[in-house]
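There is one chain below, alone, in structure tokens, taken in the form predicted on its own.
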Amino acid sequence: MTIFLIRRLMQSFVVLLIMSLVVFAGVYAIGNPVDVLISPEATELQREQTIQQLGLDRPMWEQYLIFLKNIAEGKLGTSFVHNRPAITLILERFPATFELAFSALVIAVFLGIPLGLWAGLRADSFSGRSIISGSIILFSMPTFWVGLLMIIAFAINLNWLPTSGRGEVGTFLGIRSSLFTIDGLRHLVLPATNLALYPLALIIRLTASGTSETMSLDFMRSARAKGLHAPRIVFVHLLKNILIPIVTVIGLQFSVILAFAVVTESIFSWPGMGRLIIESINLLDRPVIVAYILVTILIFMLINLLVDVLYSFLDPRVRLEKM
């Protein structure tokens, strides 16, 4: 375990270094933020002073070295627009995005695995075929379109749920979240459901296909021949053998949801990282853009590491030192 963790941390450091270079170079090339931040009526002197203040008068390589030095000191630059540390802005918005992504993943997992098991065990039945067909439809529907339909149906026509915002935030065990209030939960239902549709379809398809393949294997026939009860066959023998690919998808989808909940947050005016990055791109706020992308990369790496560790618990044949 120790050797594995050291090796993965070293790999992560190299990946972060390479991605920091790619991200910095890409963001550097998207335009001049001075054109957005300074009024067209500003004098040439004011323009030069602003450029020097932001450090944009230095060569690109020098800006990158300064950027790496700031990362080593735990800094990711100061927002051009808000004049605050970029990482602070990201972390302030992270709880809202996390609770939205977590709620979406809970919906996807607790609906996707049972529905996938049902579809896999009853593949030839009407209900099984309906579940698979429904998952294909969920794959095909654009997130922004479904979100707008949900707002029209449940918020405007039926007036059951609010259309936007995070709602009232409660505190439990020192944690502030909209999950702890009724108003917060009402605001969470539509965006979390909208964000859960794609991973839900993915988990259904993966669980159903894994169930169909595993049920035809010899050890499953032996379990049925021994007269084991159906719940034991499904939840002990079957589920244990199909969990590894499912855990992989769940981990990757959680990373994707956290990083790319931009569309859902924009549609439902959810005050998370997604809305912040859209605003920062529009204003060419480079430090916030770079900080967001690097934090996203770090999230991907940490979740992948956690998934690898879970492998060894789900399947004793997996040895971390060999991965």
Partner chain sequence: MADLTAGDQRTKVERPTSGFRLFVARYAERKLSVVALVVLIGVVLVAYVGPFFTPQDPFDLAQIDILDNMLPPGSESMTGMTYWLGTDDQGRDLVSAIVYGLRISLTVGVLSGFLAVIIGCVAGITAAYAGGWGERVIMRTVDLFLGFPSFLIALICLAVLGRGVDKVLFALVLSQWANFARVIRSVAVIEREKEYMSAAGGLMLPRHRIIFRHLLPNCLPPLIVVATVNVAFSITLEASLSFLGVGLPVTEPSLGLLIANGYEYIITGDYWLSVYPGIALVVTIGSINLVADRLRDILNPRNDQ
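Quantities reported herein were computed from a predicted structural model and do not represent experimental measurements. The term rigid core refers to the most C-alpha atoms you can superpose between the two forms while keeping them within 1.5 Å. Positions refer to the first chain, counted from 1.
What follows is about the form predicted in complex with its partner chain, which we do not show.
- Heavy atoms within 4.5 Å of its partner chain in the predicted bound form are found in exactly one of 94-102, 78-86, 149-157, 108-116, that being 149-157.
- A residue is said to contact a partner when one of its heavy atoms sits within 4.5 Å of a partner heavy atom; residue 161 fails this definition for its partner chain in the predicted bound form, lying far away.
- Interface residue remark: residue 304 is counted as part of the site for its partner chain in the predicted bound form, having a heavy atom within 4.5 Å.
- Taking the partner from the other structure, its partner chain in the predicted bound form has no heavy atom within 4.5 Å of any heavy atom of residue 130.
- Its partner chain is not drawn, but in the predicted bound form it has no heavy atom within 4.5 Å of residue 71.
- Of the residues in 234-255, only 255 comes within 4.5 Å of its partner chain in the predicted bound form through at least one heavy atom.
- Relative to the superposed rigid core, the position of the CA of residue 284 differs between the shown form and the other one by 2 Å or more.
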